[in-house]
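The same protein chain appears twice below, in two forms, each given on its own as C-alpha cells and labelled structure 1 and structure 2.
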Structure 1
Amino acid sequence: MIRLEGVTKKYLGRPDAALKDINLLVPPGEFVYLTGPSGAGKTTLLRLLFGAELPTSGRVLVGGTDLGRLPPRKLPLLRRRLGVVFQDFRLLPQQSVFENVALSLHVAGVRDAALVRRVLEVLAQVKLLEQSDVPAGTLSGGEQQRVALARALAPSPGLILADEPTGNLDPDNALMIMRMLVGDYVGGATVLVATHDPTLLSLVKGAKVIHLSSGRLEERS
C-alpha cells in the first residue's frame, strides 16, 4: 500500500516545487499508470517511493513505513521489498544474466540452492532461461529490460516501480514488457508505471491513471 499525505518536493536551487501538495492512496495489488508531460514530476514521485529523495514536507508511506522517518540504515530493508525498473535497464553489462538477477537476492542474504532455484524461476518467467550465462550487455534492448524486470521480481516484492520501462523499446518489446508487469507475473504486487506514452494506457484493463501536470495531481480512471 502506498499513501502520500500533502507531499511537496522542492529541489535545491529550484524556485518551483517538482511536486505540490500530493495526496494519494494506492491500495495493495492495484495497477497504476503515472502520466504527465516531461518535467511533470513522475520520476520525482517514484524516487520518493524508493527512498532516493526525501519529501520537503508531507508524509510518504510505503507498506505502513513512513519514509521520512526511516533511518538510512533501514532503507535497504525497504528496498528489498520493492522492485525498480528504469528506462535505461541499469544492468551490470559484463556480468551474466544470471548474476544480474542473483544480485537482488544475494544482497538480501539468499544463497546457494535457494538462490539458484529462484533465479532460474524468474528467468523462465521472463523467457530468458537460455541466455542465463550470457553477459547482460550483449543482449538486445528488449531482452535487457526483461533481465531488469527479472531482477526486480526475484525477491517477490510487494511493490514494483517502473519509470518509463518501455521508453527505449520498439512496440513489440514494449507490449511484452507491459504484459509482464501485470497479473501472475508480479504475484499480486502493487505496480506503478510512469510513462508519457498514452498508447500504453489501453494495455492494462482496469488500471488506475494518475495524471501529473507541473507537480500537481489529477486522478482519472
Structure 2
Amino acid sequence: MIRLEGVTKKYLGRPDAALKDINLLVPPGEFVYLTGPSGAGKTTLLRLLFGAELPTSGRVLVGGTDLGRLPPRKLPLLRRRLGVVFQDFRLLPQQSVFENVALSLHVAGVRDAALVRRVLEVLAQVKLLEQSDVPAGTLSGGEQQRVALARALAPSPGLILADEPTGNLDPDNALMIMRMLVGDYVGGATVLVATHDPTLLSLVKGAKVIHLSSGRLEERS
C-alpha cells in the first residue's frame, strides 16, 4: 500500500533536511503508529503520502502509484481513495457539520439517500448528530477534530492517514476516535497514525511502531 524508497525532503532556507533517506514499506491492511517529537518530520511524511509535497529525492508510492510521476490532474483521483485527518482540521467553517462530512462523499461519487444515510451514521459515531446543522467553525477544537475524522472515514477509504487525531481531545473522546480507526483497520483499511502520545500505542495489538527522530526513521515493532 505504501512504499518509500530513499526519500529525502529538503526545504529552501533550512540547513537540515526534514526527512533523510527514508525507506518504508507498509503492506495493505496494516496499522502503523508514526511516533516522534515535534519537528521530527511526521507531518512532512504524511504530506508526501497524500501528494501535498514531492520528495527532493527518492520515490513515494501509494497503492502502486509513483506520486512523483503522477500528473497533477490525476491527483484528485488518488485522493478519493484516501481518508486524511489533518492536524488543523481543514473544515469549511461557514458550512454545517453535515455539509462538511457530505463533501467527502460527494467527491467520491455518493449521492442522494446513500449520502444522507452515511453522513448521519458517522456523525452518530462521533457523537455529533445533534450538531449536524451547526456551522463547523462555531464548534470547539475537539468537536472540529471529530468532524474532521467523520469526513475522512465517511467514504470508507482504503488508506487512512491521521496527523495527531487525538491531540485536542479528552481521554474519553480520544478513545472513541481510536476505536473508530481500529474499526476501519479491522474492516481492511490501512491506517497510519502520527502521534506523540505513548498511551495510544497499546490500543492496537500487533500494530507496527516506527519512530522519527531528526528526520530519520527507525522501526520499533
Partner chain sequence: MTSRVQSRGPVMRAFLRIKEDLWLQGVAVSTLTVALAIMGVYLALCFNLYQASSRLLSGPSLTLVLDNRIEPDEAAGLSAQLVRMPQIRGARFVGRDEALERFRGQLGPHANLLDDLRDNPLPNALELVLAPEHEATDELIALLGNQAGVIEVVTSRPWLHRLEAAITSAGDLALALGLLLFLGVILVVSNTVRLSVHVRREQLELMALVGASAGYMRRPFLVEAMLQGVAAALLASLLIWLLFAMLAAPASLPLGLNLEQVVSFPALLPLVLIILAIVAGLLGGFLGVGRTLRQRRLL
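Every residue number counts along structure 1's sequence, beginning with 1. It should be emphasised that the depicted structure is a prediction, and the values quoted were computed from it without experimental measurement. The term rigid core refers to the most C-alpha atoms you can superpose between the two forms while keeping them within 1.5 Å.
Comparing the two isolated copies of the chain, the second one is the form predicted on its own. Two rigid parts of the chain turn against one another between structure 1 and structure 2, and the hinge residue out of Ser156, Thr199, Val107, Gly39 is Ser156.
The rotation of the smaller rigid part against the larger one between structure 1 and structure 2 comes to 16 degrees. Per-residue C-alpha deviation between structure 1 and structure 2, core superposed: Arg117, 4.0 Å.
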